[in-house]
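Take a look at this single chain, the form predicted on its own, given in structure tokens.
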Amino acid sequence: MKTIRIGNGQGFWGDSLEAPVELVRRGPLDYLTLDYLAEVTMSIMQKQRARDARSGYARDFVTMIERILPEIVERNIRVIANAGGVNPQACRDAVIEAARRKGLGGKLKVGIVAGDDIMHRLDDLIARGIELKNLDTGEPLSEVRSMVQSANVYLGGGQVATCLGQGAQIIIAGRVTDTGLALGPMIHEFKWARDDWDRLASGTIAGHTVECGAQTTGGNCLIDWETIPNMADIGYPIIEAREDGTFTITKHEGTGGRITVAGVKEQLVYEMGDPHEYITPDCIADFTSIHLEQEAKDRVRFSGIKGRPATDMYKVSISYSAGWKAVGSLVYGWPDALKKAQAADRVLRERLDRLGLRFDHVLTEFVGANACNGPMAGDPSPDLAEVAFRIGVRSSDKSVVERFTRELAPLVLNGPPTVTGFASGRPKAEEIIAYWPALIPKSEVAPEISVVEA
């Protein structure tokens, strides 16, 4: 039975730049996938493109890929990344320049999957009655239209497969789903029908299992985390996908980390809603149908997966400006560290009130006492050696937030004693980017796929 090996070397924009290099160099691989995008990432990239038309994508992708281009070409490894952000064309051009610097001009084809960016179409869509209602609140997008910063449709593995079918060795996508990066190669290699729902669901679940990179191979793992071997050299996950829809999750031999049924289950429930209906652009996957088996050391086999027809809608990720925030902290030491931190909170709030500053929200955390677990932490010990007093404010008025940033530092000398931890200086007012999930009919979206020679 035909088998392909798909390794995912990036779980988010900011993940290890060495992981993709290690995946390529430390063992056999047919495909390398790289997942860069999160909801807030799109608004960041949109701002970058507004300042510079050549920007708006993950620039470190280009730097990283240039290091391994000769090996990718020599071993015919195909790369699929949603590093294109809101400007996949510019990212493609940068990769082509890198290939030519390496003397690889004419030796590979670079494709893009675009058409997901509908920012420029919002007014027309709203005018035609496509309200893009918030999936959580039901409000129409018109309520925040003036504050919208990005709007991108989640495309899927089907578009990736089409691009592969046109000969692309490196695919740079915009907002393709995390799962679609891995599903696309399976559709292409195994010639799965676009209505073979069980196999499409299997490929979708395979993509979900590896989308967070080393979170599947022992990173951020609760189960016996202290016994996970050699985390400093942790291996990133590889899908061994088979034509019948079964697959195995593994990693390169000799790498650190661990792959077990228990660890894989932790990743499976990541960002999970109704496990019966994991909805993607390509299908609906039933996570309750998954059968897991510890096939061998660092090998977990998936089988029995069931799927259902895709919906007639795409999900849209919209970001918008929702005011301003600032967060600052001070550390108080023993004795009575928590009492001092609590007193600092009371003093600061009273001073802000006396100044007439009103905020939409003020949040205080006492890190070391209850910040992670809140009330579930129970009563903290009175003998805590140190506690960080962390306070955040938010407001639609930037000037109010900026006024707050000047009131934290004075506590160092005119508040409770034994304070430290202000070396980073005054906190800064930051824009709040809020998330607006919506749906759009698939008939309203035209994916754009093109392939050019480097």
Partner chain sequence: MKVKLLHLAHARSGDKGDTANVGLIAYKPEYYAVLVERVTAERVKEHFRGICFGDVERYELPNLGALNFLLHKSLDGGGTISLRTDAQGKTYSAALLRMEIEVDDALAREVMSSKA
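Residue numbers count along the first chain shown, from 1. Bear in mind that the values here come from a model prediction, so they are computed numbers and not experimental data.
As for the form predicted together with the partner chain, it is not shown, yet the points below apply to it.
J.: If contact means any heavy atom within 4.5 Å, which of 242-250, 365-373, 342-350, 100-108 contacts the partner chain in the model of the complex?
T.: It is the stretch 365-373.
J.: In the model of the complex, does L222 come within 4.5 Å of the partner chain, counting heavy atoms only?
T.: Yes, L222 sits close enough to the partner chain in the model of the complex that at least one of its heavy atoms falls within 4.5 Å.
J.: Within 4.5 Å, heavy atoms only: does P229 come near the partner chain in the model of the complex?
T.: Flag for P229 set to no.
J.: Hey, in the model of the complex, does F287 get a heavy atom within 4.5 angstroms of the partner chain?
T.: Yes, F287 sits close enough to the partner chain in the model of the complex that at least one of its heavy atoms falls within 4.5 Å.
J.: Taking the shortest heavy atom distance, is G392 within 4.5 Å of the partner chain in the model of the complex?
T.: Yes, G392 is a contact residue.
J.: Just to be sure I understand the contacts: of N87, T179, S317, Q267, which is the one whose heavy atoms reach within 4.5 angstroms of the partner chain in the model of the complex?
T.: Residue within 4.5 Å of the partner: Q267.
J.: Pick from V21, L439, A434, V445: which has a non-hydrogen atom within 4.5 Å of the partner chain in the model of the complex?
T.: Only one listed residue qualifies here, and that residue is A434.
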